[in-house]
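A single chain comes next, written as C-alpha coordinates; it is the form predicted on its own.
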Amino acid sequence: MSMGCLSLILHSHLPFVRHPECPRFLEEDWLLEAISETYLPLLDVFERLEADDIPFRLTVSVSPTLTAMLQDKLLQERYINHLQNLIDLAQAELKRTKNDPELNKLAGMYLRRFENCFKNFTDRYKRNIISRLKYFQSKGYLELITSSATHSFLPLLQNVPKAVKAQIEVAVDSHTEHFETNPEGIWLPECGYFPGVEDYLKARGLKYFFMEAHGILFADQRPNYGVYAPLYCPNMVAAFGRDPESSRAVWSSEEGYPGDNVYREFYRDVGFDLPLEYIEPFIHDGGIRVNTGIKYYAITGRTDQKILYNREKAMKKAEEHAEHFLTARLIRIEQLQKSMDRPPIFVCPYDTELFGHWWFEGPAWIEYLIRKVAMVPDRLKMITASDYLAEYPENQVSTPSFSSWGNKGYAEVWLEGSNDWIYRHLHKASERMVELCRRFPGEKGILRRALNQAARELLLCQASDWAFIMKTGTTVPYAVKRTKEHIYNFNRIYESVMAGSLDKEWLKKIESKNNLFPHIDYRVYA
(Lines give C-alpha, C1' and ligand atoms only; values in the text may rest on other atoms or scores of the structure.)
Protein backbone atom coordinates (compact mmCIF):
# COMPACT_ATOMS: atom_id res chain seq x y z
CA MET A 1 0.00 0.00 0.00
CA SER A 2 1.27 3.47 -0.90
CA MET A 3 1.80 6.05 1.81
CA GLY A 4 0.04 8.75 -0.22
CA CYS A 5 -2.17 9.31 -3.25
CA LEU A 6 -1.82 11.86 -6.02
CA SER A 7 -4.93 12.83 -7.97
CA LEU A 8 -4.17 14.95 -11.04
CA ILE A 9 -7.31 16.43 -12.60
CA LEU A 10 -7.10 18.14 -15.98
CA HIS A 11 -10.19 20.25 -16.59
CA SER A 12 -10.68 20.65 -20.34
CA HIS A 13 -13.12 23.35 -21.40
CA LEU A 14 -13.69 25.99 -24.04
CA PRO A 15 -16.93 27.86 -24.74
CA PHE A 16 -18.93 26.85 -27.79
CA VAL A 17 -17.59 29.03 -30.62
CA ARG A 18 -18.71 28.05 -34.10
CA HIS A 19 -19.35 30.52 -36.90
CA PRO A 20 -20.23 28.83 -40.19
CA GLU A 21 -21.38 32.18 -41.54
CA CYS A 22 -17.75 33.34 -41.75
CA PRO A 23 -14.92 31.62 -43.66
CA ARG A 24 -12.59 32.33 -40.74
CA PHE A 25 -13.55 33.64 -37.31
CA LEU A 26 -11.07 35.07 -34.83
CA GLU A 27 -12.46 33.47 -31.65
CA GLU A 28 -12.46 30.01 -33.23
CA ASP A 29 -8.69 30.21 -32.78
CA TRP A 30 -9.26 29.42 -29.09
CA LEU A 31 -10.08 25.86 -30.11
CA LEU A 32 -7.57 25.58 -32.95
CA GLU A 33 -4.69 26.73 -30.75
CA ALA A 34 -5.70 24.43 -27.91
CA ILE A 35 -5.72 21.39 -30.20
CA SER A 36 -2.17 22.05 -31.44
CA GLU A 37 -0.66 23.30 -28.21
CA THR A 38 -2.46 21.28 -25.53
CA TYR A 39 -4.67 18.37 -26.57
CA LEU A 40 -2.42 16.73 -29.16
CA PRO A 41 0.79 17.23 -27.09
CA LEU A 42 -0.90 15.62 -24.07
CA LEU A 43 -2.03 12.69 -26.19
CA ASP A 44 1.62 12.40 -27.29
CA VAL A 45 2.56 12.14 -23.61
CA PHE A 46 0.00 9.39 -23.02
CA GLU A 47 1.19 7.51 -26.11
CA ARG A 48 4.82 7.54 -24.94
CA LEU A 49 3.92 6.46 -21.43
CA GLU A 50 1.85 3.56 -22.73
CA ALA A 51 4.61 2.53 -25.15
CA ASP A 52 7.13 2.48 -22.28
CA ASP A 53 4.72 0.56 -20.03
CA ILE A 54 4.68 3.36 -17.44
CA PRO A 55 1.60 3.11 -15.19
CA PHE A 56 -0.41 6.31 -14.87
CA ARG A 57 -3.90 7.31 -13.78
CA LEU A 58 -5.40 10.75 -14.39
CA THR A 59 -8.82 12.33 -14.27
CA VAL A 60 -9.72 14.36 -17.36
CA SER A 61 -12.91 16.37 -17.41
CA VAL A 62 -14.15 17.29 -20.88
CA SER A 63 -16.90 19.87 -20.96
CA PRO A 64 -19.87 19.14 -23.25
CA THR A 65 -19.22 22.29 -25.28
CA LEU A 66 -15.60 21.27 -25.94
CA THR A 67 -16.74 17.75 -26.81
CA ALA A 68 -19.24 19.14 -29.30
CA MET A 69 -16.59 21.29 -31.00
CA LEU A 70 -14.03 18.49 -31.18
CA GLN A 71 -16.66 16.31 -32.89
CA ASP A 72 -17.84 19.02 -35.28
CA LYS A 73 -16.87 18.33 -38.93
CA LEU A 74 -16.75 22.03 -39.88
CA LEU A 75 -14.35 22.83 -37.04
CA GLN A 76 -12.26 19.74 -37.79
CA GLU A 77 -11.84 20.94 -41.38
CA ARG A 78 -10.97 24.44 -40.19
CA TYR A 79 -8.35 22.99 -37.88
CA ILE A 80 -6.67 21.23 -40.80
CA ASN A 81 -6.62 24.50 -42.75
CA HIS A 82 -5.22 26.24 -39.67
CA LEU A 83 -2.45 23.65 -39.36
CA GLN A 84 -1.53 23.90 -43.03
CA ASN A 85 -1.22 27.67 -42.62
CA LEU A 86 1.13 27.15 -39.63
CA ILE A 87 3.22 24.67 -41.61
CA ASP A 88 3.53 27.20 -44.44
CA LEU A 89 4.57 29.88 -41.94
CA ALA A 90 7.16 27.62 -40.30
CA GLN A 91 8.61 26.77 -43.72
CA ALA A 92 8.83 30.48 -44.50
CA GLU A 93 10.55 31.00 -41.15
CA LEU A 94 13.12 28.33 -41.99
CA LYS A 95 14.05 30.34 -45.07
CA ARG A 96 13.97 33.71 -43.32
CA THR A 97 16.24 32.55 -40.48
CA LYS A 98 18.67 30.46 -42.53
CA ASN A 99 21.59 32.73 -41.63
CA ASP A 100 20.85 32.67 -37.89
CA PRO A 101 21.61 29.15 -36.55
CA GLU A 102 19.79 29.57 -33.22
CA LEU A 103 16.60 31.03 -34.70
CA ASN A 104 16.73 28.53 -37.53
CA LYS A 105 16.90 25.66 -35.05
CA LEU A 106 13.79 26.96 -33.29
CA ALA A 107 11.97 27.42 -36.60
CA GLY A 108 12.76 23.80 -37.40
CA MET A 109 11.38 22.74 -34.02
CA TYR A 110 8.07 24.44 -34.76
CA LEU A 111 7.86 22.96 -38.24
CA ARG A 112 8.34 19.47 -36.84
CA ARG A 113 5.69 20.11 -34.16
CA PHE A 114 3.11 21.31 -36.67
CA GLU A 115 3.83 18.45 -39.06
CA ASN A 116 3.51 15.99 -36.19
CA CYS A 117 0.15 17.54 -35.22
CA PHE A 118 -1.02 17.24 -38.81
CA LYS A 119 0.03 13.61 -39.08
CA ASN A 120 -1.49 12.60 -35.76
CA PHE A 121 -4.74 14.48 -36.24
CA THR A 122 -5.39 13.30 -39.79
CA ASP A 123 -3.79 9.84 -39.92
CA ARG A 124 -3.50 8.49 -36.40
CA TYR A 125 -6.69 9.88 -34.86
CA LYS A 126 -8.77 10.31 -38.03
CA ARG A 127 -9.67 13.82 -36.82
CA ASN A 128 -11.30 12.32 -33.71
CA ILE A 129 -9.53 13.29 -30.49
CA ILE A 130 -12.51 12.10 -28.46
CA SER A 131 -12.03 8.55 -29.70
CA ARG A 132 -8.44 8.52 -28.43
CA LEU A 133 -9.50 9.77 -25.02
CA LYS A 134 -12.02 6.92 -24.96
CA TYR A 135 -9.22 4.50 -25.80
CA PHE A 136 -7.06 5.63 -22.88
CA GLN A 137 -10.09 5.40 -20.59
CA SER A 138 -10.75 1.84 -21.80
CA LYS A 139 -7.15 0.93 -20.93
CA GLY A 140 -7.53 2.30 -17.40
CA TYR A 141 -5.17 5.25 -17.78
CA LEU A 142 -7.83 7.97 -17.68
CA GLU A 143 -11.10 8.53 -15.91
CA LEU A 144 -13.23 10.86 -18.01
CA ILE A 145 -15.80 13.03 -16.26
CA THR A 146 -18.14 15.80 -17.32
CA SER A 147 -18.90 19.39 -16.41
CA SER A 148 -22.22 21.22 -16.63
CA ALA A 149 -23.75 21.46 -20.09
CA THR A 150 -22.34 24.86 -21.05
CA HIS A 151 -20.04 25.42 -18.08
CA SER A 152 -22.59 27.54 -16.27
CA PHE A 153 -21.72 28.98 -12.87
CA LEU A 154 -24.37 27.03 -10.99
CA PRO A 155 -24.57 29.01 -7.71
CA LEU A 156 -25.97 31.97 -9.65
CA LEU A 157 -28.75 29.87 -11.20
CA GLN A 158 -30.05 28.30 -8.01
CA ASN A 159 -33.08 30.60 -7.74
CA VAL A 160 -34.46 28.71 -10.79
CA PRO A 161 -33.87 25.10 -9.73
CA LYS A 162 -34.88 23.63 -13.09
CA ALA A 163 -32.08 25.64 -14.74
CA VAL A 164 -29.52 23.87 -12.52
CA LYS A 165 -31.22 20.54 -13.15
CA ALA A 166 -31.07 21.04 -16.93
CA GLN A 167 -27.39 21.96 -16.90
CA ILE A 168 -26.59 18.72 -15.05
CA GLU A 169 -28.93 16.43 -16.98
CA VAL A 170 -27.92 17.64 -20.45
CA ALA A 171 -24.25 17.31 -19.46
CA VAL A 172 -24.59 13.73 -18.27
CA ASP A 173 -26.63 12.73 -21.33
CA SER A 174 -24.10 14.36 -23.67
CA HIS A 175 -21.14 12.69 -21.95
CA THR A 176 -22.81 9.28 -22.09
CA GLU A 177 -23.61 9.73 -25.77
CA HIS A 178 -20.06 10.71 -26.78
CA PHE A 179 -17.99 8.58 -24.40
CA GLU A 180 -20.34 5.59 -24.15
CA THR A 181 -20.00 5.44 -20.35
CA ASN A 182 -21.80 7.21 -17.54
CA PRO A 183 -19.54 9.72 -15.76
CA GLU A 184 -18.77 8.93 -12.14
CA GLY A 185 -17.99 12.53 -11.23
CA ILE A 186 -18.33 16.11 -12.38
CA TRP A 187 -16.24 19.24 -12.52
CA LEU A 188 -18.44 21.97 -11.07
CA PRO A 189 -17.66 24.96 -13.33
CA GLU A 190 -15.30 27.42 -11.66
CA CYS A 191 -15.49 25.10 -8.62
CA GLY A 192 -18.79 26.85 -7.92
CA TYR A 193 -20.50 25.05 -5.06
CA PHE A 194 -23.65 25.89 -3.14
CA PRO A 195 -25.21 23.64 -0.46
CA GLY A 196 -27.80 21.54 -2.20
CA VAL A 197 -26.15 21.22 -5.62
CA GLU A 198 -25.19 17.69 -4.60
CA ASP A 199 -28.86 16.70 -4.77
CA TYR A 200 -28.93 17.48 -8.49
CA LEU A 201 -25.73 15.46 -8.91
CA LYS A 202 -27.01 12.40 -7.07
CA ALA A 203 -30.22 12.43 -9.09
CA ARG A 204 -28.13 11.76 -12.18
CA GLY A 205 -25.83 9.17 -10.61
CA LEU A 206 -22.82 11.42 -10.06
CA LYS A 207 -20.76 10.32 -7.08
CA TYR A 208 -18.23 13.10 -6.51
CA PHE A 209 -17.11 16.62 -7.39
CA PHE A 210 -14.13 18.89 -6.74
CA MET A 211 -14.08 22.21 -4.93
CA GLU A 212 -11.81 24.87 -3.51
CA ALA A 213 -10.00 24.19 -0.24
CA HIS A 214 -11.97 26.73 1.81
CA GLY A 215 -15.25 25.07 0.80
CA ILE A 216 -14.04 21.97 2.65
CA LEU A 217 -12.28 23.74 5.51
CA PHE A 218 -15.36 25.86 6.32
CA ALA A 219 -17.83 22.96 6.16
CA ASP A 220 -20.52 22.86 8.83
CA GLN A 221 -18.51 20.17 10.62
CA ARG A 222 -14.78 20.72 10.87
CA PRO A 223 -13.05 18.23 8.53
CA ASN A 224 -10.89 15.80 10.47
CA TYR A 225 -8.27 15.56 7.73
CA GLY A 226 -8.52 18.97 6.10
CA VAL A 227 -8.38 18.70 2.32
CA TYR A 228 -6.40 15.43 2.44
CA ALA A 229 -9.51 13.25 2.47
CA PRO A 230 -12.95 13.78 0.95
CA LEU A 231 -16.12 14.69 2.78
CA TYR A 232 -19.44 13.05 2.12
CA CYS A 233 -22.32 15.46 1.76
CA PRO A 234 -25.38 14.29 3.73
CA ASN A 235 -26.66 12.49 0.60
CA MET A 236 -23.30 10.65 0.30
CA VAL A 237 -22.01 12.48 -2.77
CA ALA A 238 -18.30 13.07 -2.10
CA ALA A 239 -16.56 16.46 -2.16
CA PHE A 240 -12.81 16.56 -2.79
CA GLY A 241 -10.94 19.75 -1.86
CA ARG A 242 -8.05 21.22 -3.83
CA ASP A 243 -4.63 20.98 -2.15
CA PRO A 244 -3.43 24.61 -1.84
CA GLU A 245 0.28 23.75 -1.76
CA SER A 246 0.15 21.70 -4.95
CA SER A 247 -1.91 24.37 -6.66
CA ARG A 248 0.41 27.18 -5.65
CA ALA A 249 3.39 25.37 -7.16
CA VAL A 250 1.77 25.47 -10.58
CA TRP A 251 -0.68 28.40 -10.54
CA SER A 252 1.05 31.12 -8.54
CA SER A 253 2.37 33.97 -10.70
CA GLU A 254 5.18 34.50 -8.20
CA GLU A 255 5.98 30.98 -6.93
CA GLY A 256 4.64 28.80 -9.74
CA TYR A 257 6.87 26.82 -12.06
CA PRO A 258 5.56 28.31 -15.34
CA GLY A 259 7.13 31.68 -14.53
CA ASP A 260 10.71 30.38 -14.53
CA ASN A 261 13.01 32.51 -16.67
CA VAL A 262 14.18 29.66 -18.93
CA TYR A 263 10.67 28.72 -20.03
CA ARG A 264 9.19 30.05 -23.24
CA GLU A 265 7.71 33.54 -23.18
CA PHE A 266 4.04 33.39 -24.16
CA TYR A 267 3.70 37.06 -25.04
CA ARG A 268 6.41 37.28 -27.73
CA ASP A 269 5.00 35.83 -30.93
CA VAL A 270 6.08 36.33 -34.54
CA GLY A 271 2.49 37.31 -35.31
CA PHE A 272 3.22 40.58 -33.51
CA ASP A 273 7.02 40.77 -33.77
CA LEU A 274 7.52 40.55 -37.54
CA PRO A 275 6.68 43.20 -40.18
CA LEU A 276 3.09 43.18 -41.34
CA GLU A 277 3.97 42.80 -45.02
CA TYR A 278 5.75 39.52 -44.18
CA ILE A 279 3.33 38.05 -41.66
CA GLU A 280 0.06 39.22 -43.27
CA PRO A 281 -0.52 36.09 -45.44
CA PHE A 282 -0.43 33.97 -42.26
CA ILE A 283 -2.72 35.98 -39.98
CA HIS A 284 -6.36 36.99 -40.15
CA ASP A 285 -7.89 38.91 -43.04
CA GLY A 286 -7.53 42.64 -42.76
CA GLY A 287 -4.09 42.41 -41.18
CA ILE A 288 -5.41 41.49 -37.73
CA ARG A 289 -2.33 40.37 -35.84
CA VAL A 290 -2.77 37.17 -33.85
CA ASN A 291 -0.65 34.68 -31.96
CA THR A 292 0.68 32.10 -34.40
CA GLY A 293 2.27 29.82 -31.79
CA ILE A 294 5.79 30.50 -33.10
CA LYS A 295 7.58 32.15 -30.20
CA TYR A 296 11.36 32.44 -30.12
CA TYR A 297 12.10 33.97 -26.72
CA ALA A 298 12.44 32.86 -23.13
CA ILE A 299 10.73 34.61 -20.22
CA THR A 300 14.16 35.92 -19.17
CA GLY A 301 12.76 38.17 -16.42
CA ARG A 302 11.08 41.53 -16.06
CA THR A 303 12.75 43.04 -19.08
CA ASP A 304 12.01 43.76 -22.73
CA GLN A 305 15.44 42.39 -23.66
CA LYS A 306 14.46 38.75 -23.96
CA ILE A 307 17.02 36.04 -24.66
CA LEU A 308 16.37 33.30 -27.19
CA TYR A 309 14.54 30.22 -25.98
CA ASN A 310 16.70 27.15 -25.34
CA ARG A 311 14.62 23.98 -25.52
CA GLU A 312 17.24 21.77 -23.86
CA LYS A 313 17.54 24.07 -20.84
CA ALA A 314 13.78 24.33 -20.58
CA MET A 315 13.39 20.54 -20.59
CA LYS A 316 16.01 20.19 -17.88
CA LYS A 317 14.17 22.76 -15.79
CA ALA A 318 10.84 20.97 -16.32
CA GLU A 319 12.38 17.77 -14.99
CA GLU A 320 13.78 19.65 -11.98
CA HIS A 321 10.36 21.12 -11.27
CA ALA A 322 8.74 17.68 -11.52
CA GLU A 323 11.28 16.37 -8.99
CA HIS A 324 10.61 19.35 -6.72
CA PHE A 325 6.84 18.78 -6.90
CA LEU A 326 7.24 15.10 -6.05
CA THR A 327 9.66 15.74 -3.20
CA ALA A 328 7.33 18.32 -1.66
CA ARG A 329 4.45 15.82 -1.70
CA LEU A 330 6.60 13.10 -0.11
CA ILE A 331 7.66 15.44 2.67
CA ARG A 332 4.03 16.38 3.28
CA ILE A 333 3.07 12.69 3.46
CA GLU A 334 5.56 12.16 6.28
CA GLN A 335 4.03 15.07 8.18
CA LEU A 336 0.44 13.92 7.65
CA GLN A 337 1.06 10.30 8.59
CA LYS A 338 1.13 11.24 12.24
CA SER A 339 -2.46 12.48 12.24
CA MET A 340 -4.26 10.31 9.66
CA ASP A 341 -5.46 6.72 9.70
CA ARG A 342 -5.29 6.44 5.90
CA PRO A 343 -3.05 7.70 3.08
CA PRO A 344 -3.65 11.38 2.31
CA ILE A 345 -4.88 12.27 -1.15
CA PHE A 346 -3.42 15.33 -2.87
CA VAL A 347 -6.10 16.73 -5.15
CA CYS A 348 -4.42 18.74 -7.90
CA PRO A 349 -6.89 20.22 -10.40
CA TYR A 350 -5.66 22.40 -13.25
CA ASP A 351 -7.08 23.82 -16.44
CA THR A 352 -5.85 21.50 -19.18
CA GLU A 353 -5.12 24.47 -21.46
CA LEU A 354 -2.43 25.64 -19.04
CA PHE A 355 -0.27 22.76 -20.21
CA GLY A 356 1.23 23.51 -23.58
CA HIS A 357 -0.72 26.65 -24.47
CA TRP A 358 0.15 28.99 -21.61
CA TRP A 359 2.95 26.86 -20.18
CA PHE A 360 4.74 25.50 -23.23
CA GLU A 361 6.70 22.98 -21.19
CA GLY A 362 3.64 21.84 -19.21
CA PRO A 363 3.08 18.52 -21.04
CA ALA A 364 6.75 17.63 -20.51
CA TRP A 365 6.41 18.46 -16.79
CA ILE A 366 3.43 16.11 -16.53
CA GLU A 367 5.35 13.35 -18.27
CA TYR A 368 8.41 13.78 -16.06
CA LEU A 369 6.21 13.78 -12.97
CA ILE A 370 4.36 10.61 -13.97
CA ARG A 371 7.60 8.78 -14.70
CA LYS A 372 9.05 9.84 -11.35
CA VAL A 373 5.94 8.83 -9.40
CA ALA A 374 6.08 5.42 -11.09
CA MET A 375 9.52 4.91 -9.50
CA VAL A 376 8.22 5.28 -5.92
CA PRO A 377 4.98 3.22 -5.88
CA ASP A 378 5.34 2.37 -2.20
CA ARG A 379 5.41 6.07 -1.27
CA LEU A 380 3.02 7.72 -3.73
CA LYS A 381 0.58 6.43 -6.34
CA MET A 382 -1.61 8.12 -8.90
CA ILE A 383 -5.30 7.69 -8.26
CA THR A 384 -8.68 9.09 -9.24
CA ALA A 385 -11.49 10.14 -6.93
CA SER A 386 -13.42 7.00 -7.84
CA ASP A 387 -10.40 4.85 -6.98
CA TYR A 388 -10.01 6.55 -3.62
CA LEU A 389 -13.68 6.11 -2.71
CA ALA A 390 -13.50 2.44 -3.65
CA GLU A 391 -10.50 1.91 -1.36
CA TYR A 392 -11.72 4.15 1.46
CA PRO A 393 -15.53 4.16 1.40
CA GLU A 394 -15.85 5.37 5.01
CA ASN A 395 -15.56 9.17 5.14
CA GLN A 396 -16.72 12.00 7.34
CA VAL A 397 -20.18 13.45 6.61
CA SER A 398 -20.50 17.22 6.45
CA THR A 399 -21.97 19.96 4.27
CA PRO A 400 -19.31 22.07 2.53
CA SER A 401 -19.45 25.84 2.39
CA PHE A 402 -20.55 27.97 -0.55
CA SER A 403 -17.38 28.71 -2.49
CA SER A 404 -15.66 29.06 -5.85
CA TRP A 405 -12.16 29.43 -7.11
CA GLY A 406 -11.04 32.69 -8.66
CA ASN A 407 -10.36 36.00 -6.97
CA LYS A 408 -11.30 35.89 -3.27
CA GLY A 409 -13.05 32.55 -3.70
CA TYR A 410 -16.70 33.57 -3.37
CA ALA A 411 -18.05 34.10 -6.90
CA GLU A 412 -16.82 37.68 -7.24
CA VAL A 413 -15.35 37.01 -10.69
CA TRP A 414 -18.77 35.99 -12.05
CA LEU A 415 -20.90 38.55 -10.24
CA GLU A 416 -19.63 42.13 -10.09
CA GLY A 417 -20.11 45.48 -11.77
CA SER A 418 -19.00 44.50 -15.25
CA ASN A 419 -21.26 41.48 -15.64
CA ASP A 420 -24.08 41.62 -13.09
CA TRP A 421 -26.50 42.90 -15.75
CA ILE A 422 -26.72 39.47 -17.40
CA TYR A 423 -28.37 37.60 -14.54
CA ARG A 424 -31.81 39.19 -14.61
CA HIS A 425 -31.99 38.08 -18.26
CA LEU A 426 -30.71 34.57 -17.52
CA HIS A 427 -33.19 34.15 -14.69
CA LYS A 428 -36.15 35.49 -16.68
CA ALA A 429 -35.29 33.29 -19.66
CA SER A 430 -35.02 30.27 -17.36
CA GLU A 431 -38.45 31.00 -15.91
CA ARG A 432 -39.85 31.38 -19.42
CA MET A 433 -38.37 28.03 -20.47
CA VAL A 434 -40.11 26.35 -17.54
CA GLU A 435 -43.32 28.09 -18.62
CA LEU A 436 -42.93 26.77 -22.18
CA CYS A 437 -42.60 23.23 -20.84
CA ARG A 438 -45.76 23.65 -18.81
CA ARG A 439 -47.77 25.08 -21.72
CA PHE A 440 -46.44 22.70 -24.38
CA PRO A 441 -45.76 19.40 -22.61
CA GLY A 442 -45.55 17.00 -25.55
CA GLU A 443 -45.14 18.77 -28.88
CA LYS A 444 -43.94 17.32 -32.19
CA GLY A 445 -42.72 18.60 -35.54
CA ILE A 446 -41.65 22.22 -36.06
CA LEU A 447 -42.90 23.32 -32.65
CA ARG A 448 -40.79 20.67 -30.93
CA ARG A 449 -37.75 21.80 -32.94
CA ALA A 450 -38.34 25.39 -31.83
CA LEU A 451 -38.66 24.40 -28.18
CA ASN A 452 -35.49 22.30 -28.37
CA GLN A 453 -33.63 25.24 -29.91
CA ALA A 454 -34.93 27.50 -27.16
CA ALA A 455 -33.35 25.12 -24.66
CA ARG A 456 -30.02 25.26 -26.55
CA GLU A 457 -30.03 29.06 -26.69
CA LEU A 458 -30.79 29.26 -22.98
CA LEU A 459 -27.95 26.89 -22.11
CA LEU A 460 -25.54 28.83 -24.34
CA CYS A 461 -26.28 32.21 -22.78
CA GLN A 462 -25.67 30.70 -19.32
CA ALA A 463 -22.00 29.88 -20.05
CA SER A 464 -19.72 31.20 -17.29
CA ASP A 465 -17.14 32.19 -19.92
CA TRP A 466 -19.00 35.32 -20.95
CA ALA A 467 -19.16 36.75 -17.42
CA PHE A 468 -15.51 35.81 -16.90
CA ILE A 469 -14.42 37.63 -20.05
CA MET A 470 -16.39 40.74 -19.08
CA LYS A 471 -14.61 40.74 -15.71
CA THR A 472 -11.10 40.16 -17.06
CA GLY A 473 -11.45 42.61 -19.94
CA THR A 474 -10.42 40.30 -22.80
CA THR A 475 -12.57 40.26 -25.99
CA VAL A 476 -15.38 41.90 -24.02
CA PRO A 477 -17.41 42.94 -27.11
CA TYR A 478 -17.57 39.32 -28.23
CA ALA A 479 -18.70 38.08 -24.80
CA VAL A 480 -21.40 40.76 -24.63
CA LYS A 481 -22.49 39.98 -28.19
CA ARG A 482 -22.76 36.26 -27.50
CA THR A 483 -24.78 36.80 -24.33
CA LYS A 484 -27.19 39.19 -26.03
CA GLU A 485 -27.43 37.04 -29.15
CA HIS A 486 -28.52 33.92 -27.28
CA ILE A 487 -30.93 35.86 -25.08
CA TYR A 488 -32.41 37.44 -28.21
CA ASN A 489 -32.72 34.08 -29.95
CA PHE A 490 -34.40 32.57 -26.92
CA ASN A 491 -36.87 35.43 -26.49
CA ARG A 492 -37.72 35.45 -30.19
CA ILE A 493 -38.53 31.75 -30.05
CA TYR A 494 -40.55 32.22 -26.86
CA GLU A 495 -42.60 35.07 -28.28
CA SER A 496 -43.10 33.27 -31.62
CA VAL A 497 -44.23 30.06 -29.95
CA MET A 498 -46.63 31.91 -27.66
CA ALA A 499 -48.04 33.83 -30.64
CA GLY A 500 -48.16 30.76 -32.91
CA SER A 501 -46.08 32.49 -35.61
CA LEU A 502 -42.75 30.68 -36.08
CA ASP A 503 -40.27 31.90 -38.70
CA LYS A 504 -39.19 28.54 -40.09
CA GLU A 505 -36.30 29.86 -42.19
CA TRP A 506 -34.83 31.81 -39.29
CA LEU A 507 -35.22 28.79 -36.99
CA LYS A 508 -33.42 26.59 -39.52
CA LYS A 509 -30.58 29.11 -39.67
CA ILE A 510 -29.92 29.20 -35.92
CA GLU A 511 -30.36 25.43 -35.64
CA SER A 512 -27.54 25.07 -38.18
CA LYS A 513 -25.29 27.57 -36.40
CA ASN A 514 -25.87 26.61 -32.76
CA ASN A 515 -26.06 22.90 -33.36
CA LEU A 516 -24.74 21.35 -30.16
CA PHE A 517 -26.78 18.80 -28.18
CA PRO A 518 -28.54 17.40 -31.28
CA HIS A 519 -30.67 15.03 -29.16
CA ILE A 520 -31.73 17.54 -26.52
CA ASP A 521 -35.30 17.28 -25.23
CA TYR A 522 -36.72 20.62 -24.11
CA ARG A 523 -38.71 18.78 -21.44
CA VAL A 524 -35.53 18.59 -19.38
CA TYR A 525 -36.92 21.86 -17.97
CA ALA A 526 -40.26 20.26 -17.07
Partner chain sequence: MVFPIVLGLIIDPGVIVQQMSLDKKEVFMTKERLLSVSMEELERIAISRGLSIREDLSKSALVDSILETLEEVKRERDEQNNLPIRGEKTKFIITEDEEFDTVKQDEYPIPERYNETKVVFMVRDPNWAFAYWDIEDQNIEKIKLDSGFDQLILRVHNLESAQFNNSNSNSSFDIPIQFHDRSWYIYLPYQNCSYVLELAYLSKGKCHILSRSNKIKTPGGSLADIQDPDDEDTSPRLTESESFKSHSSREIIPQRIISRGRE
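Source: prediction; values computed, not measured. Numbering follows the first chain given and starts at 1.
Although it is not shown, the form predicted in complex with its partner chain is what the next lines describe.
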Residue within 4.5 Å of its partner chain in the model of the complex by heavy atom, from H178, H214, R78, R342, is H214
Note: exactly one of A390, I288, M375, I331 sits with a heavy atom within 4.5 Å of its partner chain in the model of the complex, namely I288
Within 4.5 Å of its partner chain in the model of the complex, heavy atom basis, the matching stretch of 423 to 431, 124 to 132, 162 to 170, 318 to 326 is 423 to 431
Counting only non-hydrogen atoms and a 4.5 angstroms cut-off, does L354 reach its partner chain in the model of the complex? yes
Item checked: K471, heavy atom within 4.5 angstroms of its partner chain in the model of the complex -> yes
| request: Would you check, heavy atoms only and a 4.5 Å threshold, whether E416 touches its partner chain in the model of the complex? | output: yes
Proximity of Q453 to its partner chain in the model of the complex, heavy atoms at 4.5 Å:
no
Residues in 393 to 423 that come within 4.5 Å of its partner chain in the model of the complex by at least one heavy atom, in order, are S401, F402, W405, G406, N407, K408, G409, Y410, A411, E412, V413, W414, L415, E416, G417, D420, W421, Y423
